[in-house]
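A single chain comes next, written as structure tokens; it is the form predicted alone.
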Amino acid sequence: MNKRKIIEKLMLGVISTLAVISAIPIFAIMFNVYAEGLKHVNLSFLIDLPPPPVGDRVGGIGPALVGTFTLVSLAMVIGGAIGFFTGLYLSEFSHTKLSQYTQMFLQIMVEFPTIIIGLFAYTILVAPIKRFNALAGGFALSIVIIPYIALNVREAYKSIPYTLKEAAFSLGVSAPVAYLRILLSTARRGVLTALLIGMAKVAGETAPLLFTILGTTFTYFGGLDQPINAIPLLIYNFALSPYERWHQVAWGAAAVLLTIILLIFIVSRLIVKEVKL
């Protein structure tokens, strides 16, 4: 065996080892969360109100679970639509100055502290009506996901060969039909991935919710103009409490949240097949 093959096998071994090492923290976190949390999760845990600090009632995360689905839905309706069309614009008009500045701004927003976004939402949607509310939380989360969705949608549409775009427009259809029906069928995997990244991002966000939804614990959804709770905020509040029962609820909530995020990705991979060009 010559020197080149020895070096090649050595580097392959090093890279493989580093790949395994990089995956260890992820699996360690998942194992820890499930080991501590699954033993507290059952059907009643998903629908019941949280337990009081003292007492024998087991309780659950019902209001927080409903709140999370509500906030994620609001964020995807607002931020998903804006992010999708922004990404489409960046892809098809990348030569313009506006597109270049927009892309730079979105890349900055990816690293932007989300707690400042929560403070902004508090200023315009909480302080004027003097009440924490679900709409402010959904609005803050929609801002968080716009850059993630826009930049990934841009890449999805840019990956479509120019010949396919020419073929779509040669059919004589309008630009909306070409982009939203014909070309979207080709880019659907990338677009769905963009939406899933945004959904997973907002499902686990805590900082923007500190200023917007209050985290009311013992009531279910009462309207977009009312306070609401969410699983990440419940985990944050209960984990910091001195009560052992609340710590158990926090572990169970963490297991539920992790399962929701994992299911989103697994189901999407099973349903959406990669387009072969």
Partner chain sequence: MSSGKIFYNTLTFLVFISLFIVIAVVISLSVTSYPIFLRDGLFFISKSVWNPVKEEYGILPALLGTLITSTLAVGLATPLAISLAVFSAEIVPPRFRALINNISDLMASLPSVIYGLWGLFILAPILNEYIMIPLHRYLGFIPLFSTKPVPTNLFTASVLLAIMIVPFASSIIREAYSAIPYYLKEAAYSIGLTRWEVIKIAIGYVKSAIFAGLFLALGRAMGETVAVAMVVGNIFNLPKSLFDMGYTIPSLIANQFPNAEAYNYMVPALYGGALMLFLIGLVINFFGLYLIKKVMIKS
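Since the structure is predicted, the reported quantities are computational estimates derived from the model, not experimental observations. Positions refer to the first chain, counted from 1.
The protein also exists as the form predicted together with the partner chain; that form is not presented, and the subsequent description refers to it.
For this session: Examine residue 204 and determine whether its closest non-hydrogen atom to the partner chain in the model of the complex is within 4.5 angstroms.
Result: Residue 204 belongs to the contact set for the partner chain.
For this session: Using the partner position in the model of the complex, report whether residue 38 sits within 4.5 Å of the partner chain, counting heavy atoms only.
Result: No, residue 38 is distant from the partner.
Exercise. Counting only non-hydrogen atoms and a 4.5 angstroms cut-off, does residue 166 reach the partner chain in the model of the complex?
Worked result: No, residue 166 stays farther than 4.5 Å from the partner chain in the model of the complex.
For this session: Decide whether residue 170 counts as a contact residue for the partner chain in the model of the complex under a heavy atom distance cut-off of 4.5 Å.
Result: Although the partner chain is absent here, residue 170 would stay clear of it in the model of the complex, with no heavy atoms inside 4.5 Å.
Exercise. If you look in the model of the complex, which residues in 172-192 sit within 4.5 Å of the partner chain (heavy atoms)?
Worked result: 174, 175, 176, 179, 180, in sequence order.
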